[in-house]
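This document starts with one chain, in the form predicted on its own, laid out as C-alpha coordinates.
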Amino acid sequence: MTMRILGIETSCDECAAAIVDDGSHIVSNIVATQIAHHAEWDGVVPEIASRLHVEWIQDVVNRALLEAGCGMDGVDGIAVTARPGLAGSLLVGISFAKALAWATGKPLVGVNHILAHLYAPLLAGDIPYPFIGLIVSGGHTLICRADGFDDIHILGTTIDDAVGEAFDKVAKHYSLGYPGGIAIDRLARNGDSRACRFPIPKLDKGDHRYDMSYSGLKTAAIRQLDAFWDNSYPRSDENLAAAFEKAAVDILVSRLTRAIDDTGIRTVVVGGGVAANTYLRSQLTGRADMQVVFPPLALCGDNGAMVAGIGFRMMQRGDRDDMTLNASPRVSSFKRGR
(Lines give C-alpha, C1' and ligand atoms only; values in the text may rest on other atoms or scores of the structure.)
Protein backbone atom coordinates (compact mmCIF):
# COMPACT_ATOMS: atom_id res chain seq x y z
CA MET A 1 0.00 0.00 0.00
CA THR A 2 1.36 3.41 -1.00
CA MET A 3 2.47 5.82 1.74
CA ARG A 4 2.14 9.44 0.61
CA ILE A 5 4.24 12.01 2.50
CA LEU A 6 4.04 15.80 2.47
CA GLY A 7 7.52 17.30 2.85
CA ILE A 8 8.05 20.89 4.04
CA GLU A 9 11.40 22.68 3.75
CA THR A 10 12.16 26.16 5.17
CA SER A 11 15.69 25.82 6.54
CA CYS A 12 17.07 28.91 4.76
CA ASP A 13 15.64 31.04 1.96
CA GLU A 14 13.67 28.53 -0.12
CA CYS A 15 10.05 27.93 0.82
CA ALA A 16 9.30 24.46 -0.48
CA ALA A 17 6.76 21.67 -0.24
CA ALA A 18 6.38 18.38 -2.08
CA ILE A 19 4.32 15.21 -2.21
CA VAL A 20 6.29 11.95 -2.55
CA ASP A 21 4.95 8.39 -2.68
CA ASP A 22 6.86 5.60 -0.95
CA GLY A 23 10.02 7.65 -0.62
CA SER A 24 10.82 7.54 -4.32
CA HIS A 25 8.05 8.80 -6.61
CA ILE A 26 7.78 12.60 -6.73
CA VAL A 27 4.15 13.54 -7.30
CA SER A 28 4.63 17.30 -6.86
CA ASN A 29 7.54 19.55 -5.94
CA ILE A 30 7.02 23.29 -5.39
CA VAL A 31 9.91 25.64 -4.60
CA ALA A 32 9.31 29.36 -4.03
CA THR A 33 12.68 31.08 -4.24
CA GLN A 34 13.57 34.25 -2.37
CA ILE A 35 16.61 35.13 -4.50
CA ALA A 36 15.20 38.44 -5.74
CA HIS A 37 14.46 39.53 -2.17
CA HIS A 38 18.05 38.98 -0.97
CA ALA A 39 19.96 40.04 -4.09
CA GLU A 40 20.38 43.62 -2.86
CA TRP A 41 22.56 42.34 -0.01
CA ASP A 42 24.31 39.57 -2.01
CA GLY A 43 23.35 37.13 0.70
CA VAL A 44 20.47 35.78 2.77
CA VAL A 45 19.06 38.17 5.36
CA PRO A 46 17.59 35.89 8.07
CA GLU A 47 14.81 38.26 9.14
CA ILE A 48 13.61 38.73 5.56
CA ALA A 49 13.79 34.98 4.96
CA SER A 50 11.63 34.07 7.97
CA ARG A 51 9.05 36.78 7.23
CA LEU A 52 8.67 35.61 3.63
CA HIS A 53 8.23 32.04 4.82
CA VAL A 54 5.36 33.19 7.02
CA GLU A 55 3.74 34.92 4.04
CA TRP A 56 4.30 32.12 1.54
CA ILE A 57 4.14 28.76 3.29
CA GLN A 58 0.39 28.15 3.18
CA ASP A 59 0.22 28.89 -0.54
CA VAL A 60 3.27 26.72 -1.27
CA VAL A 61 1.78 23.74 0.59
CA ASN A 62 -1.59 24.25 -1.09
CA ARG A 63 0.10 24.32 -4.50
CA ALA A 64 1.92 21.06 -3.74
CA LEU A 65 -1.37 19.41 -2.78
CA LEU A 66 -3.15 20.84 -5.83
CA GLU A 67 -0.44 19.64 -8.22
CA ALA A 68 -0.64 16.19 -6.62
CA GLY A 69 -4.39 16.17 -7.08
CA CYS A 70 -5.14 15.48 -3.44
CA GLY A 71 -6.06 17.17 -0.18
CA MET A 72 -4.68 16.45 3.25
CA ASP A 73 -7.05 13.49 3.42
CA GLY A 74 -4.86 11.86 0.77
CA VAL A 75 -1.65 12.41 2.74
CA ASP A 76 -0.40 9.74 5.16
CA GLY A 77 2.20 11.78 7.02
CA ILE A 78 4.03 15.11 7.28
CA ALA A 79 7.82 15.52 7.25
CA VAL A 80 9.44 18.86 8.00
CA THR A 81 13.03 20.08 8.16
CA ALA A 82 13.88 20.62 11.84
CA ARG A 83 17.68 20.95 11.74
CA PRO A 84 20.10 22.52 10.89
CA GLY A 85 19.39 25.95 9.41
CA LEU A 86 18.34 29.49 10.25
CA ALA A 87 16.38 29.37 13.49
CA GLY A 88 13.62 31.74 12.39
CA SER A 89 13.14 30.01 9.04
CA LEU A 90 13.08 26.54 10.61
CA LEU A 91 10.50 27.62 13.16
CA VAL A 92 8.09 28.79 10.48
CA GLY A 93 8.10 25.41 8.76
CA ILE A 94 7.96 23.45 12.00
CA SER A 95 5.11 25.55 13.41
CA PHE A 96 3.09 25.16 10.21
CA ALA A 97 3.75 21.40 10.06
CA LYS A 98 2.79 20.91 13.72
CA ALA A 99 -0.43 22.89 13.29
CA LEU A 100 -1.28 20.90 10.17
CA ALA A 101 -0.55 17.60 11.92
CA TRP A 102 -2.65 18.60 14.92
CA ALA A 103 -5.58 19.75 12.78
CA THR A 104 -5.61 16.67 10.53
CA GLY A 105 -4.42 13.98 12.89
CA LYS A 106 -1.58 13.05 10.54
CA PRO A 107 1.72 11.71 11.95
CA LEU A 108 4.66 14.12 12.04
CA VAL A 109 8.41 13.63 11.78
CA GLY A 110 11.27 16.14 11.94
CA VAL A 111 14.00 15.69 9.34
CA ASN A 112 17.71 16.46 9.28
CA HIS A 113 18.35 18.78 6.34
CA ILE A 114 21.83 17.42 5.60
CA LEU A 115 20.69 13.80 5.55
CA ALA A 116 17.85 14.89 3.26
CA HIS A 117 20.37 16.32 0.76
CA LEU A 118 22.19 12.98 0.79
CA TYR A 119 18.86 11.25 0.15
CA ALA A 120 17.96 13.45 -2.84
CA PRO A 121 19.82 11.31 -5.45
CA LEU A 122 17.93 8.24 -4.19
CA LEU A 123 14.69 9.81 -5.40
CA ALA A 124 15.86 8.98 -8.93
CA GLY A 125 16.48 5.29 -8.14
CA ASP A 126 17.78 2.86 -5.54
CA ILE A 127 21.47 3.07 -4.62
CA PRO A 128 22.88 0.15 -2.60
CA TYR A 129 24.68 0.85 0.67
CA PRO A 130 27.39 1.40 1.64
CA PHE A 131 28.46 4.38 -0.41
CA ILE A 132 30.64 7.45 0.04
CA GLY A 133 28.60 10.60 0.50
CA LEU A 134 29.79 14.05 -0.54
CA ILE A 135 27.70 16.91 0.86
CA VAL A 136 28.55 20.29 -0.67
CA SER A 137 26.50 23.38 0.10
CA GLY A 138 26.68 26.92 1.41
CA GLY A 139 26.64 25.74 4.99
CA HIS A 140 28.22 22.29 4.96
CA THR A 141 31.04 20.43 3.26
CA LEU A 142 31.70 16.86 4.32
CA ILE A 143 32.70 13.40 3.16
CA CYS A 144 31.10 10.42 4.86
CA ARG A 145 30.52 6.70 4.65
CA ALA A 146 26.80 5.99 4.45
CA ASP A 147 25.50 2.61 5.63
CA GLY A 148 21.85 3.66 5.70
CA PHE A 149 19.65 6.68 5.07
CA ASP A 150 20.47 8.07 8.52
CA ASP A 151 23.51 5.93 9.39
CA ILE A 152 26.59 7.88 8.36
CA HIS A 153 30.17 8.07 9.60
CA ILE A 154 31.94 11.37 8.94
CA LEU A 155 35.35 10.88 7.35
CA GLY A 156 36.24 14.49 6.63
CA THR A 157 34.79 17.96 6.75
CA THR A 158 35.85 21.55 6.25
CA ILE A 159 37.90 22.97 9.10
CA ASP A 160 36.64 26.50 8.36
CA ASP A 161 34.39 27.75 5.53
CA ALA A 162 32.02 25.55 3.55
CA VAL A 163 32.75 25.39 -0.17
CA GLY A 164 29.49 27.13 -1.10
CA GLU A 165 30.22 29.88 1.39
CA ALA A 166 33.61 30.48 -0.24
CA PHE A 167 31.95 30.75 -3.66
CA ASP A 168 29.44 33.25 -2.30
CA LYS A 169 32.01 35.45 -0.55
CA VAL A 170 34.34 35.67 -3.53
CA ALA A 171 31.42 36.48 -5.82
CA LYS A 172 30.18 39.16 -3.43
CA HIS A 173 33.62 40.78 -3.11
CA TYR A 174 34.02 41.10 -6.88
CA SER A 175 30.32 41.85 -7.56
CA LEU A 176 30.09 38.82 -9.85
CA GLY A 177 26.41 38.21 -9.17
CA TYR A 178 24.02 36.51 -6.79
CA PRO A 179 23.73 33.68 -5.91
CA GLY A 180 27.50 33.53 -5.96
CA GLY A 181 27.93 29.86 -6.80
CA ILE A 182 25.70 30.10 -9.84
CA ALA A 183 27.35 33.34 -10.99
CA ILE A 184 30.87 31.89 -10.77
CA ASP A 185 29.81 28.69 -12.52
CA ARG A 186 28.29 30.68 -15.38
CA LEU A 187 31.30 32.99 -15.79
CA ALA A 188 33.81 30.14 -15.52
CA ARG A 189 32.44 28.47 -18.64
CA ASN A 190 33.99 31.28 -20.69
CA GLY A 191 37.17 31.62 -18.66
CA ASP A 192 40.62 30.03 -18.53
CA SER A 193 41.57 28.48 -15.19
CA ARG A 194 45.29 28.77 -16.03
CA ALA A 195 45.09 32.54 -15.55
CA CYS A 196 45.57 32.21 -11.81
CA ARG A 197 47.32 29.51 -9.75
CA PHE A 198 45.68 29.55 -6.36
CA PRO A 199 47.37 27.62 -3.53
CA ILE A 200 45.84 24.33 -2.40
CA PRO A 201 45.79 23.77 1.41
CA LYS A 202 47.98 20.97 2.73
CA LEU A 203 46.01 18.84 5.16
CA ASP A 204 47.71 15.53 4.50
CA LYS A 205 48.70 14.25 7.92
CA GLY A 206 47.08 12.65 10.95
CA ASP A 207 43.37 13.22 11.46
CA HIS A 208 43.10 15.65 8.54
CA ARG A 209 43.52 13.17 5.69
CA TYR A 210 40.01 13.78 4.33
CA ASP A 211 39.47 17.29 5.69
CA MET A 212 39.16 20.43 3.57
CA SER A 213 39.85 24.12 4.07
CA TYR A 214 38.50 27.10 2.14
CA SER A 215 39.45 30.07 4.27
CA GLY A 216 42.95 30.35 2.76
CA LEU A 217 41.69 29.99 -0.79
CA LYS A 218 39.04 32.64 -0.18
CA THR A 219 41.65 35.00 1.29
CA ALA A 220 44.03 34.39 -1.61
CA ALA A 221 41.30 35.23 -4.12
CA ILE A 222 40.16 38.36 -2.29
CA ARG A 223 43.29 39.79 -0.64
CA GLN A 224 46.27 38.33 -2.51
CA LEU A 225 45.15 38.05 -6.11
CA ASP A 226 48.23 39.85 -7.46
CA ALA A 227 50.51 37.19 -5.99
CA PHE A 228 48.89 34.36 -7.93
CA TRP A 229 47.78 35.95 -11.21
CA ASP A 230 49.59 35.08 -14.45
CA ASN A 231 49.78 38.45 -16.20
CA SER A 232 50.01 36.80 -19.60
CA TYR A 233 46.23 36.27 -19.26
CA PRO A 234 43.60 39.04 -19.20
CA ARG A 235 42.40 39.87 -15.70
CA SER A 236 38.76 39.20 -16.47
CA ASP A 237 35.86 38.06 -14.29
CA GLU A 238 35.61 34.95 -16.42
CA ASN A 239 39.23 33.95 -15.85
CA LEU A 240 39.02 34.69 -12.13
CA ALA A 241 35.86 32.58 -11.85
CA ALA A 242 37.40 29.68 -13.76
CA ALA A 243 40.59 29.69 -11.66
CA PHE A 244 38.77 29.94 -8.35
CA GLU A 245 36.23 27.29 -9.31
CA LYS A 246 38.98 24.87 -10.37
CA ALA A 247 40.90 25.30 -7.11
CA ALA A 248 37.78 24.92 -4.96
CA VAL A 249 36.58 21.79 -6.76
CA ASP A 250 40.04 20.22 -6.97
CA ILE A 251 40.20 20.32 -3.16
CA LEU A 252 36.97 18.33 -2.99
CA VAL A 253 38.02 15.83 -5.63
CA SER A 254 41.42 15.15 -4.06
CA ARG A 255 39.93 14.37 -0.62
CA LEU A 256 37.13 12.32 -2.14
CA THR A 257 39.65 10.27 -4.13
CA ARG A 258 41.54 9.52 -0.93
CA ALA A 259 38.36 8.28 0.73
CA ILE A 260 37.61 6.04 -2.26
CA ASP A 261 41.12 4.59 -2.28
CA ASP A 262 41.24 4.01 1.48
CA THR A 263 37.77 2.50 1.95
CA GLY A 264 37.53 0.59 -1.31
CA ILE A 265 33.95 1.84 -1.70
CA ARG A 266 33.51 2.93 -5.31
CA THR A 267 30.01 4.37 -5.27
CA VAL A 268 29.79 8.10 -4.53
CA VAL A 269 26.55 10.01 -3.89
CA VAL A 270 26.69 13.81 -4.11
CA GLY A 271 24.16 16.18 -2.53
CA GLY A 272 23.72 19.89 -1.84
CA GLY A 273 23.56 23.06 -3.88
CA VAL A 274 27.17 22.84 -5.14
CA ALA A 275 26.29 19.44 -6.65
CA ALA A 276 24.89 21.50 -9.54
CA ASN A 277 28.33 22.96 -10.33
CA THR A 278 29.33 22.25 -13.92
CA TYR A 279 33.04 21.74 -13.27
CA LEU A 280 32.45 19.41 -10.29
CA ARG A 281 30.16 17.27 -12.41
CA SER A 282 32.67 17.16 -15.24
CA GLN A 283 35.48 16.09 -12.91
CA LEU A 284 33.55 13.24 -11.31
CA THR A 285 31.41 11.96 -14.19
CA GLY A 286 32.78 9.09 -16.24
CA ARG A 287 35.74 8.26 -13.99
CA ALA A 288 36.86 4.64 -14.08
CA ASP A 289 37.71 4.50 -10.38
CA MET A 290 34.28 5.47 -9.04
CA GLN A 291 30.60 5.38 -9.87
CA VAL A 292 29.15 8.82 -9.08
CA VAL A 293 25.47 9.62 -8.65
CA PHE A 294 24.33 13.24 -8.74
CA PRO A 295 20.81 14.40 -7.97
CA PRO A 296 18.84 15.96 -10.83
CA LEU A 297 19.54 19.69 -11.00
CA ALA A 298 16.08 20.46 -9.61
CA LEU A 299 16.94 18.51 -6.46
CA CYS A 300 20.39 19.98 -5.79
CA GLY A 301 19.08 23.03 -3.97
CA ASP A 302 16.74 22.99 -0.98
CA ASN A 303 13.45 21.26 -1.80
CA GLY A 304 10.56 19.50 -0.15
CA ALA A 305 10.90 16.26 -2.13
CA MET A 306 14.11 15.22 -0.36
CA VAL A 307 12.43 15.96 2.98
CA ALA A 308 9.38 13.88 2.09
CA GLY A 309 11.58 11.09 0.74
CA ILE A 310 13.68 10.60 3.84
CA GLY A 311 10.61 11.31 5.98
CA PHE A 312 8.98 8.24 4.44
CA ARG A 313 11.94 6.08 5.48
CA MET A 314 11.72 7.40 9.02
CA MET A 315 7.95 6.85 9.28
CA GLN A 316 8.27 3.41 7.71
CA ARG A 317 10.63 2.55 10.58
CA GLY A 318 8.12 3.86 13.10
CA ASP A 319 9.62 7.26 13.91
CA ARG A 320 7.18 9.94 15.09
CA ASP A 321 7.51 13.38 16.66
CA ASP A 322 4.98 15.11 18.89
CA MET A 323 4.09 18.76 19.46
CA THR A 324 7.37 19.35 21.34
CA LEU A 325 9.33 19.18 18.06
CA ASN A 326 11.60 22.23 17.93
CA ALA A 327 14.23 23.81 15.69
CA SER A 328 17.94 23.03 16.07
CA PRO A 329 20.00 25.59 14.11
CA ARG A 330 23.16 23.49 14.49
CA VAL A 331 23.80 19.75 14.53
CA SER A 332 26.73 18.81 16.73
CA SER A 333 26.81 15.20 15.45
CA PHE A 334 28.26 16.29 12.08
CA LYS A 335 31.82 16.08 13.32
CA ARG A 336 34.55 13.85 12.00
CA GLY A 337 34.39 10.29 13.34
CA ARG A 338 30.64 10.34 14.13
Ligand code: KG4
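Residue indices: 1-based, along the sequence shown. Everything quoted here is computed from the prediction, not taken from an experiment.
Here the subject shifts to the form predicted together with this ligand, a form of this protein not shown in this document.
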Using 4.5 Å between non-hydrogen atoms, is residue 139 touching this ligand in the predicted complex?
yes
Verify the contact flag for residue 182: yes if a non-hydrogen atom of it lies within 4.5 Å of a non-hydrogen atom of this ligand in the predicted complex, no if not.
yes
Spell out, yes or no, whether the shortest heavy atom distance between residue 255 and this ligand in the predicted complex is within 4.5 Å.
no
When the contact criterion is heavy atoms within 4.5 Å, does residue 211 count as touching this ligand in the predicted complex?
no
Based on heavy atom distances of 4.5 Å or less, which listed stretch (256-264, 163-171, 126-134, 67-75) is in contact with this ligand in the predicted complex?
163-171
Could you pull out the residues of 293-318 that have any heavy atom within 4.5 Å of this ligand in the predicted complex?
300, 301, 302
